[in-house]
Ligand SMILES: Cc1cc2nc3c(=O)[nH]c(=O)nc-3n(C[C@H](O)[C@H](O)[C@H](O)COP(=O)(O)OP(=O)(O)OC[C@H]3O[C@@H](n4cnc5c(N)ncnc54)[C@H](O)[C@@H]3O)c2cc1C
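The data below hold one chain only, encoded as structure tokens and taken in the form predicted alone.
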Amino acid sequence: MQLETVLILEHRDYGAGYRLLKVAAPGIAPQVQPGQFVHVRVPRLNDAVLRRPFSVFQAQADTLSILYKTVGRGTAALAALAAGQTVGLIGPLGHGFPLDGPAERVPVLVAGGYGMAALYLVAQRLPRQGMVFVGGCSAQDILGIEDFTALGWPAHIATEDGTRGVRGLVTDVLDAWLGEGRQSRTPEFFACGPNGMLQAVGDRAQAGGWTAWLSVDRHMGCGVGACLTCVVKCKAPDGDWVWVRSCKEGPVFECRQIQWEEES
């Protein structure tokens, strides 16, 4: 982890109201692992103390990219920045997705909308090819499919209104794939999206005796484990539960760690 002032190389529309911000980050970018994030100090928000966390979408050599949507004052100020300007980052932060699973496991990426941003590096860096399942409310919520298919990963799409892919939830197309005689192959899930989707993927993994790595989204204050605003309820070895920091011990947890009863 380090603090770095980075140069904006590219800042453009990505589609569906999202923007892609690419920066030169020679200190942070080479250290990024799939599923980690950066904390951004947005300029022109001098009265705002807190940085904004963003998943690292792409990282290579000395550059990294994030995807974001303008939803408030912070992201509106971020959207006003242009190539050639600078922005402050802390990163890489958090505990990402492990990529050292057994070779016989089939990687299965499951994303809900923007959750795909946290999964691209998994597909890029895993030594074995798998499948991608992406869901959203409508076609405009389906992002980055071309980035995954360019890596040779087949993509299955579901939208609740049927405007792209299969009408229904992403777990519907996932269930169809799991039921097509492929249960003889052992899937390993990597998921990022709404809590309900994460719990549903985790439930399927536990029922099948499989592994599921879930990236849990929480509001973050400091991003480095000090403020305790981003805690997740996790199971303790004695059968009880404990609060665990998503910015430090997470945001990625194995599905059996998470206590969902009061989280969904």
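Note that residue numbering follows the sequence shown and begins at 1. Just so it is clear, the structure is predicted and the values come from calculations on it, not from any experiment.
Keep in mind that the form predicted together with this ligand is missing from the display, and what follows is about it.
Participant: Just one of 195-203, 232-240, 215-223, 26-34 has heavy atoms within 4.5 Å of this ligand in the predicted bound form; which?
Facilitator: Of the options, only 215-223 has residues within 4.5 Å of the partner.
Participant: With the partner left out of view, is residue 171 within 4.5 angstroms of this ligand in the predicted bound form by any non-hydrogen atom?
Facilitator: Flag for residue 171 set to no.
Participant: I'd like to check something about residue 69: if you look in the predicted bound form, is any of its heavy atoms closer than or equal to 4.5 Å to a heavy atom of this ligand?
Facilitator: Close contact exists here: in the predicted bound form, residue 69 approaches this ligand to within 4.5 Å, heavy atoms only.
Participant: So, in the predicted bound form, is residue 73 in contact with this ligand at a 4.5 angstroms heavy atom limit?
Facilitator: Judged by the heavy-atom cut-off of 4.5 Å, residue 73 is in contact with this ligand in the predicted bound form.
Participant: Is the gap between residue 120 and this ligand in the predicted bound form 4.5 Å or less for some heavy atom pair?
Facilitator: No, no contact at 4.5 Å.
Participant: In the predicted bound form, do 55, 114 and 251 all put a heavy atom within 4.5 Å of this ligand?
Facilitator: Yes: 55, 114 and 251 each sit within 4.5 Å of this ligand in the predicted bound form.
Participant: Judged by heavy atom distances of 4.5 Å or less, which residues of 83-103 approach this ligand in the predicted bound form?
Facilitator: Nothing in the stretch sits within 4.5 Å of the partner.
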